[in-house]
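Quick heads-up: it's one chain on its own, the form predicted on its own, in structure tokens.
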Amino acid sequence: MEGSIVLDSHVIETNALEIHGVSKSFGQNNVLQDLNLTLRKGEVHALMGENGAGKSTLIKIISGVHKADQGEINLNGSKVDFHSPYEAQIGGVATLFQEIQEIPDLSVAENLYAGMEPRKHGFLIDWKKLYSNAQRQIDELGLRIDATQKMRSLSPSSRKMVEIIRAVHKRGASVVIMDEPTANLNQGEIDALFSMIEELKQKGVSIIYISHRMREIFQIANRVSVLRDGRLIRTSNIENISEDEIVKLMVGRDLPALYPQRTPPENEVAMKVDNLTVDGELDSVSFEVRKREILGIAGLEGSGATSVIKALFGLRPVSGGTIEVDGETLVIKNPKRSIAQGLAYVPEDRKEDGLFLNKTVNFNLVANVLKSHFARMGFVVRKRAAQTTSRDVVKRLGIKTTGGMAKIGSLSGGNQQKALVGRWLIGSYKAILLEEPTRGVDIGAKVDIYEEINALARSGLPVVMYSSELLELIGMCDRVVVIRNGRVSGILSGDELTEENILEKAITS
């Protein structure tokens, strides 16, 4: 019996979670089909698969968000049937979903202890204890977060760390599910997360870990299971499988090279940034981008690297410097003005800043050009043309959707990200600005997105791309600008463009 041991002729169950014959459909779409999976006590079990493979649906069934059509789930040897996330939490399942679940106008401490606030006199919240307990938890991880701060004032990575702390410290949790927990985290925060995971393992807590970052999987997982089209393809001890094998199991075919063959940039400068300054964030940042060039932006958390593209697009108040595109000096005031001047932008947080989640796939794809291409006098008069254009982008990027009228919020994360990139394939732009363009997407979707970014550059456009994944910058970019303390600490290219050199420039001047 898998996950069991025999001692003095008695069988001792060591599985924390057993999933037997679970199936789930949404309409005609069979998302999970007769799935069987076990999670041993005290193990990290990686769950791999392309976006749309069924991973999110499975963890939502375990977490009480969805109900399985058939099959059963056993938790610590007992059959469970959770009807809500609250029931799952009480039952011992803590889930860290990919998108941050927060109350933005409450403090960090209030978010950490929501529903579990320390009390005095039996019913009054002990605010002093609440804040001191929260600050102690934060300080133990070496994080620079003030427990009294409002959540909305934190950076995406700090908000994610608060969510992680809250998830792993759920009262009595025996199973913790982590869906893309390191998205937006810097290396220090990732190290803190992995320390938390190791502590949980030592306490016998079991972890289902979902990530598209292979390096993480081989660093912390004990076993890995691969899903494809709603079915379990294979479960293996991590030491008995390779990265290439996992990728092939995920996609069911051999993939082309992860990074596309680059077309050399032209000598002509297409974009020039001179002494770009944002008070408290950037100090006289200068660089040039040639036609057909993909220029990377790198830097540690707090370095100002994440502010470069935001400033270029008008999301940060620029206090000095000039920006030229095709010889024309741009006036950067706000995103609307930036789009009008020919700048395209893919934001770091697709759900918060990029997509209209309650709108359709069609609307999201044509949103930027709806008025200019398909409307007259405030009314959409070319509906069929808009639908055809949207359908062409869906086909081009391989976006998995039940149709153009489906709400984009119902799509998997990878397909949402494809749609966000696809929006800028419609219309005419002078430069492309990208933040974390493949955040939280699977290997197959990454290949598709990389191909489109490369195609945009190949058409002659300058592309500026920020990514926290150094290998992504090295694989995609012709040159990388490294930011340290708000200033350019180096520009790397050719053989100099390595992880070691980027980190050296990011840490030392």
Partner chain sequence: MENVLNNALPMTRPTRRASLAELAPALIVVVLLVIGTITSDRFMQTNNILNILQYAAEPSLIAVGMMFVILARGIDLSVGSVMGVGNVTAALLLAAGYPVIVAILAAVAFGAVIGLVNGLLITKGRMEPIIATLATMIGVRSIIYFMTDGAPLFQGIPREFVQIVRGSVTGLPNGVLFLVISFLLAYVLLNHTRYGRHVYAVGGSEETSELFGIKVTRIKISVYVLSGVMAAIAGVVGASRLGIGDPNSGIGYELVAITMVVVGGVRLAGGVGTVMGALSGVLIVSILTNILQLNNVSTHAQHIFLGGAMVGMMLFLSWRDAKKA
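Since we're looking at a predicted model, the values are computed, not measured. Numbering follows the first chain given and starts at 1.
Keep in mind that the form predicted in complex with the partner chain is missing from the display, and what follows is about it.
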property: The partner chain in the predicted complex reached by all of Y209, E243 and F356, non-hydrogen atom within 4.5 Å; result: no
property: G320: touches the partner chain in the predicted complex, heavy atom cutoff 4.5 angstroms; result: no
property: Any non-hydrogen atom of Q101 within 4.5 angstroms of the partner chain in the predicted complex; result: yes
property: In the predicted complex, P264 touching the partner chain (heavy atom, 4.5 Å); result: no
property: Touches the partner chain in the predicted complex: D191 (any heavy atom, 4.5 Å); result: yes
property: Candidate stretches 70 to 78, 408 to 416, 115 to 123, 357 to 365, one within 4.5 Å of the partner chain in the predicted complex by heavy atom; result: 115 to 123
property: Residue (of N184, S390, N111, S225) lying close to the partner chain in the predicted complex, criterion heavy atoms within 4.5 Å; result: N111
property: In the predicted complex, the residue from S155, S236, T329, S132 that sits within 4.5 Å of the partner chain by heavy atoms; result: S155
property: Partner contacts for 136 to 150, taking the partner chain in the predicted complex and a 4.5 Å heavy atom cut-off; result: G142, L143, R144, I145, D146, Q149
